[in-house]
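One chain is shown next in structure tokens, namely the form predicted on its own.
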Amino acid sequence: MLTQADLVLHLPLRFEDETRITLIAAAVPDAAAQFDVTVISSEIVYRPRRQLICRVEDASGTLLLRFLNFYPSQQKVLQPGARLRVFGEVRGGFWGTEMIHPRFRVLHGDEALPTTLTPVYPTTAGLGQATLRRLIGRALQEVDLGETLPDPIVKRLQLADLAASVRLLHITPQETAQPAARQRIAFDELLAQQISLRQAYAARRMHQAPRLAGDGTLTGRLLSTLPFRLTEAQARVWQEISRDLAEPHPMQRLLQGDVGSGKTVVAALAMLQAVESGHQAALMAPTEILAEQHYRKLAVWLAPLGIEVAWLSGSQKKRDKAVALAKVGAGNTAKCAALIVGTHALIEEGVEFARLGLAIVDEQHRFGVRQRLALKQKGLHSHQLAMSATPIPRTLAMSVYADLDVSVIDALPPGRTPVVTKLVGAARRHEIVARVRELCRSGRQVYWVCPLIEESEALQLKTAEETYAHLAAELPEVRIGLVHGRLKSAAKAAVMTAFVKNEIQLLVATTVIEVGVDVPNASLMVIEHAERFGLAQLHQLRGRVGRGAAESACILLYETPLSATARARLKIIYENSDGFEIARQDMHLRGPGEFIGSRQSGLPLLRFADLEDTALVEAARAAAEEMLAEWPEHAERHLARWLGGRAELLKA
């Protein structure tokens, strides 16, 4: 139910100028205007659908009003001789200048014009603008907009008066309102978000969790047997995670790292520390390809340590799944698997862990809130590590992810070859095919990625099957494989294994190979219809190459003409290799919503704050911590105003 606070904080989308009357002869095409007119004629016609046509006039000319949907009551008042005040957009029509579905009212005598602009609010079915304006107007007169922030914070940050700012923004367009008023609303919104998230953080730290301090035996042995050394960035985040695991409250940490930065080895160390402490660790990945890649890599690393890794997926045969489930929940017996890797199958009903201490979710943004919670709840108040190769812009991490501790692997391991990115029009596709032939002859391997499996007449996109058939005809000497999401798991795994072993030289695929696939011998990535992909996908796909010593390239094949948005995306990916910079520019293009996805449960997406305003985000974060520590009553009043009963703490 809407409260008065909800109403006064429901700011206009835009404003319309109903303060003046325009003559019909002076109307500007495709612009909104208001006219005082008299109805000349009114009739229902069928052209071809039923519609009400009214011809009106003023002293300067005539105008057609067209209503495609209308009520009998409207038809009744729109009779010849009626005086109207109409507002809408004027445009040229087949029968002359017209307005379609204008807003109108019947005039009775002289009626004064409004003296201020008319606000247009976001609305929903059943709640019209007139009703909303009336409710908001009444709320503005009755609501208490007293200060919820302590005086020292208001003075230090030189914040404008809240009540004056709110009232100003209901009568003045935001783009022309005083910047101080806009900033005050944005700051208060950010502050409410920060207080809620910091409360969620504090609430989790009140729970008890097993101390997974470990003794360093297994982690030390793994580090000594690996064929590489941790980078400084990997070592730093590993120490942060290790300290968290040793605490008596649940770790809730987000591990970010660009494509190929080495997050898996850090996850392996965390899992081993859990095992050293007598607990199990589970790693859940969103796709079977990625989950199996983790499983195989961990199995190779941990076999010399005598650690068994259990595998659990939805595609397993009933007998194999029963064996895996027995190992997962075998209690303290020798049969109990210490480490478990799998897909969504890990959170299915009937999967019981013996003593789960650490839950790791890879590519966490691909899982919903309930799915991430389900794995964590398999071990009551277990520690949780979320991993993401989709970098999150700094201001987003500071705001929407403020209830998490964040670790960032901000450097790539040595030896990673920079990937050259090239933009190529589809008309030059034959040149790319020739380059693929040369690379395969030299012993290298190639990815060729397509966006769809089946033909779409609407989008006219190349399909994986069609591309596979064309390339097989053009390159008969090249061993080509095809993989997409509709293949059965066994068939998909067989193709991927053949590609890893270089039994397949050219892999035609959909975005199922976006994450997790590691083939150092692959040195070329071709992405067909690159203009149709998001920046995060393009960056992830590009990261599949450049994993060996050979010079690597990513070719973005695009169709013309390009839309302005597609052109902007391709320009960003062409000019940048840093995933965090790409993410920052992507957020600027699309807004924060798609980065957040289903991250939030109960907390509304920011309406007024600009997450690119780093200084304001940092100020709100600092103020939230200060208020919770020194002025908790102010913090509660602020939350009640902004979130009311929706202040559901984030749990995932």
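One rule holds for the numbers: they count along the sequence shown, beginning at 1. Computed from a prediction, not measured in an experiment: that's the story for all the values here.
The same protein also has a form predicted in complex with a small molecule, omitted here; what follows describes it.
At least one heavy atom of Trp301 is located within 4.5 Å of the small molecule in the predicted bound form.
Contact check for Asp405: every heavy atom lies farther than 4.5 Å from the small molecule in the predicted bound form. The small molecule is not shown here, but in the predicted bound form it comes within 4.5 Å of a heavy atom of Arg416. Looking at Arg296, you'd find every heavy atom of it more than 4.5 angstroms from the small molecule in the predicted bound form. For the small molecule in the predicted bound form, the listed stretch (243 to 251, 261 to 269, 153 to 161, 442 to 450) containing residues with heavy atoms inside 4.5 Å is 261 to 269. When you look in the predicted bound form, the only residue of Glu89, Glu474, Asp518, Glu465 with a non-hydrogen atom within 4.5 Å of the small molecule is Asp518.
Note on the partner interface in the predicted bound form: the residue among Val143, Leu149, Leu230, Ala338 having a heavy atom within 4.5 angstroms of the small molecule is Leu230.
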